[in-house]
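Before any questions on binding or motion, here is one chain by itself as structure tokens, the form predicted alone.
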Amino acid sequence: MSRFKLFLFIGALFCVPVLSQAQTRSIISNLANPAIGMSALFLGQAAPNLNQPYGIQFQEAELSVISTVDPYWTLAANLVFAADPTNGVPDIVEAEEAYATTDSIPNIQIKVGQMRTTFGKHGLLHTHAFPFIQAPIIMGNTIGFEGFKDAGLEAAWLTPLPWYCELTGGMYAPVSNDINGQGNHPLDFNSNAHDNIPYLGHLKNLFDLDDNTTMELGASALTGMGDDSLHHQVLGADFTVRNVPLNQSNQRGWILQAEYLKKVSFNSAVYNQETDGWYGSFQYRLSQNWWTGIRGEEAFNATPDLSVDPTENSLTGHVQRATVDVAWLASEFSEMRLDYSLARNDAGTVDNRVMLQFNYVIGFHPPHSY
């Protein structure tokens, strides 16, 4: 063997471990750095009938992380830091979502973990993505003002029908209406029966009306057994028409949306319609930076829930509310929103308030449902 070949052979022996270690470090580095994002909400509210000081306060912050686990699974999590509405101090921390998804099976997506369940339209939204500052009253009285969040397993099937038709089924852990000792969950699925597995069904249909406009029709059902030996169930139906011009997608457009929800409890001898209600809204994009909207809503047998969020409903009974909204989007990552809402119940009590919200997002944030 010549000296030159001997030199190359010895060099290769030393280089292979170095290259292998560099490649390993590169893989570990990529896996250890998921996409990270954060959103923060700050709220100023003037509400004469609420026992709260005026001025800007911290509402909540959400830390989002997402990364591929392997060729089969993706893991995502949303950690929420919220303020106690009684004093404005950020002392509530919640793993709002921590779930894995896979699309390995054709036309089927599996989701497992702590998740925001696939119920309706508004229930899919995080607080920073609400179209108006306040959630509809009927949300907080049925599945929660931010939707039903629980540990469980969901499977979504994209059917072979000639239009977009998705069928989702899910099963979840039994939940109490006293989660984390806050007593803020509107549903009681806390039966200790071994066969008490709350389950969900959701149907989503999407149609193209023209090149710029789509229509969505949806139906949802969520049911489980309560510790009162009654079945507790929430039913919902939603309707959305969305217009996004192809040549002015970031400057013009509008969204017309309506949703109805009803909560009942029953067994073989009893049927109780606990509450029901609806909302209808219209949002219009004036330009690249300005949105405006109006929403009307009605809730029957409503109950107030001020222990969760300072923007929640404060009235009881049959409540009607109207909201006007103007939003300025300086960019895709910041937004200022001004809302005025006027609510009245059947006893004549009035809740009117002006709200100013500052919304900021940094880093990567998973896209919201269409």
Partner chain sequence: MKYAKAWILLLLSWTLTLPAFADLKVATSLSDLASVAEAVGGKHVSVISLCKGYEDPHFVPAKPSLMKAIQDADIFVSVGLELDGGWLPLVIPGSRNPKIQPGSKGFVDASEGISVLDKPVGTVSRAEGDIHPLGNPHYYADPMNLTIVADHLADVFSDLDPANAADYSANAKDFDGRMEKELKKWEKELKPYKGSPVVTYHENFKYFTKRFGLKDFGTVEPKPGIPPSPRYLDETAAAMKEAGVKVVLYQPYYDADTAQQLARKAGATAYLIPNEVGGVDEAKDVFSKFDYIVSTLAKAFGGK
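Computed from a predicted model, the values in this text were never measured in an experiment. Positions refer to the first chain, counted from 1.
There is also a form predicted in complex with the partner chain; it is not shown, and the following applies to it.
- Item | the partner chain in the model of the complex: contacting segment from 260 to 268, 138 to 146, 159 to 167, 276 to 284, heavy atom within 4.5 Å | Of the options, only 159 to 167 has residues within 4.5 Å of the partner.
- Mark V350 yes when one of its heavy atoms lies within 4.5 Å of a heavy atom of the partner chain in the model of the complex, and no otherwise. The answer is no: V350 has no heavy atom within 4.5 Å of the partner chain.
- Message: I'd like to know whether D208 contacts the partner chain in the model of the complex, with contact meaning heavy atoms within 4.5 angstroms.
- Response: Output for D208 is yes: heavy atoms within 4.5 Å of the partner chain.
- Item | Interface membership of I105, the partner chain in the model of the complex, 4.5 Å heavy atom rule | Close contact exists here: in the model of the complex, I105 approaches the partner chain to within 4.5 Å, heavy atoms only.
- Classify T214 as contacting or not contacting the partner chain in the model of the complex by the rule of any non-hydrogen atom within 4.5 angstroms, answering yes or no. Answer yes; at least one heavy atom of T214 falls within 4.5 Å of the partner chain in the model of the complex.
- Any chance all of A40, F42 and L63 sit within 4.5 Å of the partner chain in the model of the complex, going by non-hydrogen atoms? The answer is no: none of the three residues contacts the partner (heavy atom, 4.5 Å cut-off).
- Task: State the residue from N196, N250, T292, N272 whose non-hydrogen atoms include one within 4.5 Å of the partner chain in the model of the complex.
- Result: By the 4.5 Å criterion, the partner-contacting residue is N250.
- Item | Among the candidates Y54, F333, Y340, F58, the residue which, in the model of the complex, approaches the partner chain to within 4.5 Å (heavy atoms) | That would be F333.
- Who in 215 to 231 is close to the partner chain in the model of the complex, meaning a heavy atom within 4.5 Å? Residues within 4.5 Å: none.
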